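One chain is shown next in structure tokens, namely the form predicted alone.
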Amino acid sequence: MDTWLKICIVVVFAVATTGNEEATPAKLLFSKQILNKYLVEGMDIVIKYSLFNVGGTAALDVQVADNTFGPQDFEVVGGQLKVTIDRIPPGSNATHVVVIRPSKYGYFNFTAAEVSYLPSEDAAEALVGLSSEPGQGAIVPFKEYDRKFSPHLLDWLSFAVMSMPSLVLPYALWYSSKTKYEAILTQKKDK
């Protein structure tokens, strides 16, 4: 019983002293996601950047930069690849979305984006971090994508036209023989 009392006193003392700690500096978790299922030449690709502040104070002067997408390979359709966020409060998040359009097909290495921020108001030097890295992705040619996913209306129309003779000729023969025999049958009934 005496040991239980000592354990309880230690637990109460530990809980009482943990509340008096100083706030921890801001720590950002940074992820980069490609939201498209298919990456196609000449079609939009949506990229989402997520920042999560898991620290005890606000992250200040947050600057996100992604130098992965050069102007010779990609066109920025919406959003910006370099963004500044004034502050991210503790326990909250911020997201940013960029829409790009690839001008070439082939394999492309989607590397990490970079973030820099001040971990507290009195910090003199900015912390620098990298996002998660989506890795290598295949950008398929538009012709190949269109071949797989288009409705192929012209193909179906040509199939219908080509299959018509094999359906219409037997039907026409059956119909002519049917009308011929019905005419003979009605003549026999009339007599």
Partner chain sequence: MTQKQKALSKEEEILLQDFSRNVSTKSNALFYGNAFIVSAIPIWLFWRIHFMDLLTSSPLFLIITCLSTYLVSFAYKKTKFVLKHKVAVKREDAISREISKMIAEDKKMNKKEKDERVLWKKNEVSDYEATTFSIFYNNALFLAVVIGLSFFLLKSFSPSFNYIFSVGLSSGLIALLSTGTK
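Between two forms, the rigid core is the largest collection of C-alphas that superpose within 1.5 Å. It should be emphasised that the depicted structure is a prediction, and the values quoted were computed from it without experimental measurement. Numbering follows the first chain given and starts at 1.
Another form exists, predicted in complex with the partner chain; not displayed. Remarks below refer to it.
At a distance threshold of 4.5 angstroms between non-hydrogen atoms, Asp155 is in contact with the partner chain in the predicted bound form. Shown alone here, Asp146 lies within 4.5 Å of the partner chain in the predicted bound form, counting heavy atoms only. Using a 4.5 Å cutoff between non-hydrogen atoms, Ala138 does not count as a contact of the partner chain in the predicted bound form. The closest non-hydrogen atom of Ile7 lies beyond 4.5 Å of the partner chain in the predicted bound form. Note on the interface: of 120-128, 33-41, 157-165, 52-60, the segment with non-hydrogen atoms within 4.5 angstroms of the partner chain in the predicted bound form is 157-165. Using a 4.5 Å cut-off to the partner chain in the predicted bound form, not one of Val76, Gln80 and Lys82 places a heavy atom inside that distance. Residues Ser158, Phe159, Met162, Ser163, Ser166, Leu167, Pro170, Tyr171, Leu173, Trp174, Ser177, Lys178, Lys180, Tyr181, Glu182 are the members of 158-183 with a non-hydrogen atom no more than 4.5 angstroms from the partner chain in the predicted bound form. In the core-superposed comparison between the shown form and the other one, the C-alpha atom of Phe159 has shifted by at least 2 angstroms.
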